[in-house]
Ligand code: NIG
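Below you'll find only one chain, the form predicted alone, shown as structure tokens.
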Amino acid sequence: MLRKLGTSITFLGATFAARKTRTEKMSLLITNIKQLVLTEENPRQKPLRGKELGVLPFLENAFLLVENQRITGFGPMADCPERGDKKLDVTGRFVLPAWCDSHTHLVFARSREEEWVNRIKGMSYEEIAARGGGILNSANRLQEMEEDLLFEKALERLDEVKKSGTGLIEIKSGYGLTVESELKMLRVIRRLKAVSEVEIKATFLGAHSVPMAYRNGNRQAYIDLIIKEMLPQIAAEGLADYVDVFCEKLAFSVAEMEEVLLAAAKFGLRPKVHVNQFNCMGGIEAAVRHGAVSVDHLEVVDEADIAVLKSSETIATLLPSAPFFLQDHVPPARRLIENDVALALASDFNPGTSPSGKMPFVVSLACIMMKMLPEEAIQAATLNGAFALESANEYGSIAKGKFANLIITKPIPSLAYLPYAFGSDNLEQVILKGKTL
């Protein structure tokens, strides 16, 4: 459902300081917008839930004013101001907030298409992992790669997702699995933060998989390594915003996850955790108890999980590209929405189970596979994604004072056409922090 706003005009008089050195100083006036999508007169303080997710506010025949990287005004064309160093006529086009991708593994050494072929031949993800493939495969390759080359490869991927409209992104470590390599990954993420227009949050995922050397009765030694060596060094350098644990039968138990989360909490790292990708193990309840910002994957959930999420502030982040690529259980989006669970969408960009960071395709999959309405999917991939990164005060919607992170479509007949035409590139321009790419 689209909800048309009234005709009031909104302006913000304050001047905002740039957060990076290459500030876009000039103002930009975008005119004749066919539909300005996800506008907020009073920005939300909490993520959308239930029926709210399907009510998408918009303005028709609108303008948008950007000054000093921020949105400072929007409204109907009848009230369009004259000012603007640069003017952009977008007749026939939709303007949306840029995607907020709250779960990725964008820093990795190389692809794993040979494992994909093995899955085509009948091997399961778990079987490949048990043989030292999967995460351990990526870890071995990353440990061998120099930091500068790893940075170059990651920057190429970041530029790719930026061009598809992503303006806020989370990037995890977790392909290091040694002190040196986990720190290397997080330092690469820090370097990406310094050079990209895309806003980046870093998540420490040392508890992604137990290395082979620790698997025969020595698991606790690896957990101790995470707690006693990795976390203190990460905190000392300020390398992470969040902590993650892969809570699954093939990875870490609920008790092991809690041990890591408790240790990370001492350094001020809130959890964003992998749970319920293959099994219901009680991980959701434990993560919520530890104040998780989000629980991610949720390909399988039971009624107890839904009840816990419904009564919590934790966001359920669904990653439809992964079950699509694995041909696995489809996350029960409709059940979660009907039970008023806060829902976000993310790409899970990684070399093993979701080798794509293109959020338009994620939105399409959410509609096609999970039966989400276009309005629901778009808001889950923008505003709720920003909430899943605790950044909705600056990203995720069209609101005064927020960064001007915008997607301008090509001329399309309707907003639903965007996820409907999943094989077409319907984005014409991307603007990040007021800068046209």
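Here the structure is a predicted model, which is why all the values come from computation and not from measurement. Just count from 1 along the sequence shown to find any residue number.
Keep in mind that the form predicted together with the named molecule is missing from the display, and what follows is about it.
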_Can you tell me if Arg112 lies within 4.5 angstroms of the named molecule in the predicted complex, counting non-hydrogen atoms only?_
yes
*Should Ser164 be counted as a contact of the named molecule in the predicted complex, where contact means heavy atoms within 4.5 Å?*
no
_Is Asn350 near the named molecule? Define near as a heavy atom within 4.5 Å, in the predicted complex._
yes
*Partner contact for Phe246 in the predicted complex: the named molecule, 4.5 angstroms, heavy atom*: yes
*Name the single residue among Lys184, Lys358, His208, Lys201 that comes within 4.5 Å of the named molecule in the predicted complex, judging by heavy atoms.*
His208
*Of Ile135, Ile169, Ala240, Ala366, the one that lies within 4.5 Å of the named molecule in the predicted complex (heavy atoms)*: Ile135
*Please determine, with the chain shown alone, which of 102 to 110, 263 to 271, 74 to 82, 215 to 223 has non-hydrogen atoms within 4.5 Å of the named molecule in the predicted complex.*
102 to 110
*What residues, if any, in 159 to 182 have a non-hydrogen atom within 4.5 angstroms of the named molecule in the predicted complex?*
Tyr175
